[in-house]
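First, one chain by itself in structure tokens, the form predicted alone.
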């Protein structure tokens, strides 16, 4: 027992916390792969078997992974690839080509990227090919093993698969799926997309060569499973340097997940989004409030993080406006109230602002009209006001109809938080008749 105690390391609290923050930030920001496919065990098994048949037995396959953004499509694929690459009979054999519809915007760029990832630039050299298909077939022929009897299997992953369907004639998709149907070269094509109607985008000749295998990721995790996921995300591993600190931290995490107010915050988050990336953002903001004097995540930290996550972006823009711009927004709010949401023009806003200056204000400077015009145009650039489609282009700027893109609640909340807002401006905003 004494030996075991002597091996325990006790680090200063500040050092422990900096290690905790570094470890958890890496987990949240670098999207580290989980230990297992949380909630997608059957899909994981299906995809692993499919790719193993290509990697080990040389059987060509094609499959689509379909699910909403943030559902875990890339996570599932990366978990399977990691497991696949740890198998001795696979890691020395298979070649991986990763393409994205956001980066490879046409087939020419995609072909160059395939050549680069397969390290075949020196093989292609200055050769001229008659067609895309000839070039691709030549690349795959160049991957023949030394005995020329068999090719190395190639795994193509196509992120944002639906964007490849917009390429001219869908040449890349046609040729990849055509090769996956022929027995000459073992190829697996894995597409990732968030569009359920992706097959409708494919041309008839492309669709006929696709295997029509689809793996759908529609999270079936209930709230208790979500809470368990939160706990796993925040727990420290057994190999953390200071074991006693890790035990205290993990006990604090368990207490946090059992706390009623923290549970209410997490349930609200769960009901609005089951996306783990948005959960990571919430936990990241809560983690940033941990200090030496507050060495654990408290329910209050989670509540503040939730408030920041769900804060209104447009209301936040109002906090950075000048007093003049804020006055114009209030003038527009009054016009909205008077004319019941009907569009208005700059001249009407300017008249409303002048009435306020004459009657009530002692703290706001009487600005020249060109300055007020500039402030109004800035609000338009910030998209807080929007020109009406029916407005005539030939009419003067002052008389073009616009609409306010903020509601009463957003303006009043922003005024409460606006730094050093003059009292008479606040009173003007709350008055019924402007």
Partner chain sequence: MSAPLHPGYADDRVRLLIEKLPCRETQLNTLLALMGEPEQYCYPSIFIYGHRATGKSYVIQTLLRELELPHAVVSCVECVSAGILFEQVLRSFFGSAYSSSNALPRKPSLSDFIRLYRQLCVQFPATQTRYIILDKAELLRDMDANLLPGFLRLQELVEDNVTVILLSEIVWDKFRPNTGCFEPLLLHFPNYSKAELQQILARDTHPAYSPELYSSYINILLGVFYSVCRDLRELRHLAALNFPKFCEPLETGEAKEKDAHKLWRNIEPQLKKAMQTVYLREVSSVQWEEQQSAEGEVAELRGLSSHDHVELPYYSKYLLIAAYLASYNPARTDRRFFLKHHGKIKKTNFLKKHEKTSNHLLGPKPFPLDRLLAIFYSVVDSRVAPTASVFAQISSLVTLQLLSQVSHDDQLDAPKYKCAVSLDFIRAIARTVGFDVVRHLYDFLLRPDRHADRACRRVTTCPLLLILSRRTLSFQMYAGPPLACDSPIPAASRFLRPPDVSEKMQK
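Residue numbers count along the first chain shown, from 1. All values reported here derive from a predicted model rather than from experimental measurement. For clarity, a rigid core is taken as the largest C-alpha set superposing within 1.5 Å between two forms.
Absent from the display: the form predicted together with the partner chain. The rest refers to it.
Student: Given that the partner chain is not shown alongside this chain, does residue 320 nevertheless sit within 4.5 Å of it in the model of the complex, heavy atom to heavy atom?
Tutor: Heavy-atom contact with the partner chain at 4.5 Å: present for residue 320.
Student: Answer yes if any heavy atom of residue 103 is within 4.5 Å of a heavy atom of the partner chain in the model of the complex; otherwise answer no.
Tutor: Contact with the partner chain, yes.
Student: Heavy atom to heavy atom, is residue 382 within 4.5 Å of the partner chain in the model of the complex?
Tutor: Output for residue 382 is yes: heavy atoms within 4.5 Å of the partner chain.
Student: Using 4.5 Å between non-hydrogen atoms, is residue 30 touching the partner chain in the model of the complex?
Tutor: It does: once the partner chain is placed as it appears in the model of the complex, residue 30 has a heavy atom within 4.5 Å of it.
Student: Heavy atoms within 4.5 Å of the partner chain in the model of the complex: which stretch among 344-352, 239-247, 223-231, 86-94?
Tutor: Stretch with heavy atoms near the partner: 344-352.
Student: Of these, 281, 198, 118, 303, which has a heavy atom no more than 4.5 Å from the partner chain in the model of the complex?
Tutor: It is 281.
Student: Just give me the residues of 367-386, first to last, that have a heavy atom within 4.5 Å of the partner chain in the model of the complex.
Tutor: Going through 367-386 in order - heavy atoms within 4.5 Å of the partner chain in the model of the complex - the hits are 367, 368, 370, 371, 374, 378, 381, 382, 383.
Student: For residue 174, is the CA shift between this form and the one not shown at least 2 Å following rigid-core superposition?
Tutor: No; residue 174 is a residue whose C-alpha shifts by less than 2 Å between this form and the one not shown when the cores are overlaid.
Student: Does the distance between the two CA positions of residue 343 reach 2 Å or more between this form and the one not shown, the core being superposed?
Tutor: Yes: residue 343 shifts by at least 2 Å between this form and the one not shown.
Student: Would residue 164 count as moving between this form and the one not shown, using a Cα shift of 2 angstroms or more after superposing the core as the test?
Tutor: No.
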